[in-house]
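The chain below stands alone, shown as C-alpha cells; this is the form predicted on its own.
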C-alpha cells in the first residue's frame, strides 16, 4: 500500500536501533491487515528522548515502541500509565490519545509469559528464577512480571547490586523471596534455579565472557535474538539445557503493542514469518 497523506505512523525509538527487526514485523502486519500504516525505526539518544516523544505526538503519530536505553527514562514523559506499566516500573509502548495524552504501557512481561509457554510449555508460578541484568528497563520489567506471576524465588544478578536494591524492595512487596547478586556471583546459585533469563547485552559481541555456565535441567531464555544463538545459548544447549532466544518474546510483545495501537487482533502468523526472514537476513 503506498504511503500518502492518510498513512498513520508508529515507530520505535532506541540508541542503537539499526539492528531492530520490529519494522519488518509491524509493516508485514499492517500489510496483512490491509491497513494504511507504516512503522519506522528512529535513532534517538537519551538526551533527546523527551523531545522526540512529544514531537511524534505533535506530528500526529499514533504511538511508539521504546527500546534500550529508554524504557525507564520515558516514565518522566508519560502522562498516564496502565496498571502493568505501573507494576513493572518501565514502559515499552506509548499510545497518543485523542486529546494528546501520552499513555504508557508495558508489553514486555506479557511477551515473556507467552514466549515461555510457546518455547518450553512453562509457566512461572512456583519457579526458581535467575535474571541476569536486572538493572535495565527490560530486566526490571521481567523481574516484576516474574514476581506478579507467582515465582517462588527470584535471584537478581547485575553488574552492581546497588542498582537493583530498589527493584528488590518492590519485588519483596509482592511476597516473593529475593536474593541480590553481582554477575560474578550468579554462578553460585545455578543449583538452586530452574529458569535463567538473560537480559544483559552479553552475547552480542564475539568473545563475550559468560556470566554463568548452565547445565542439564535448566531452561535458558536469552532476550537477545540477533545473533539467533548467543554464546550463552550455545554453551547451554551443548550442556543439555533447553534454550530459546528472544524472537518469541519480541513477537508477542510486538503483537500486544500492535493491538494497543490498532484496536484489532494482531496477525501473528504474518508477524512471525516477517521476523524470521528479517533475522535470517541480518545473520546472513
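Numbering follows the first chain given and starts at 1. These numbers were taken from a predicted model, which means no experiment stands behind them.
What follows is about the form predicted in complex with a small molecule, which we do not show.
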For this chain shown on its own, do 102, 148 and 256 all sit within 4.5 Å of the small molecule in the model of the complex, going by heavy atoms?
no
Contact label in the model of the complex: residue 85 to the small molecule, heavy atom within 4.5 Å:
no
Does the small molecule come within 4.5 Å of any heavy atom of residue 223 in the model of the complex?
yes
Going by a heavy atom distance of 4.5 Å, is residue 42 a contact of the small molecule in the model of the complex?
no
In the model of the complex, residue 64 touching the small molecule (heavy atom, 4.5 Å)
no
Consider the chain as shown here, without its partner, and state which of 116, 178, 129, 183 has a heavy atom within 4.5 Å of the small molecule in the model of the complex.
183
Just to confirm, with a 4.5 Å cut-off on non-hydrogen atoms, which of 231, 35, 68, 239 contacts the small molecule in the model of the complex?
68
In contact with the small molecule in the model of the complex (heavy atoms, 4.5 Å), from 121-129, 74-82, 160-168, 185-193, is stretch 160-168
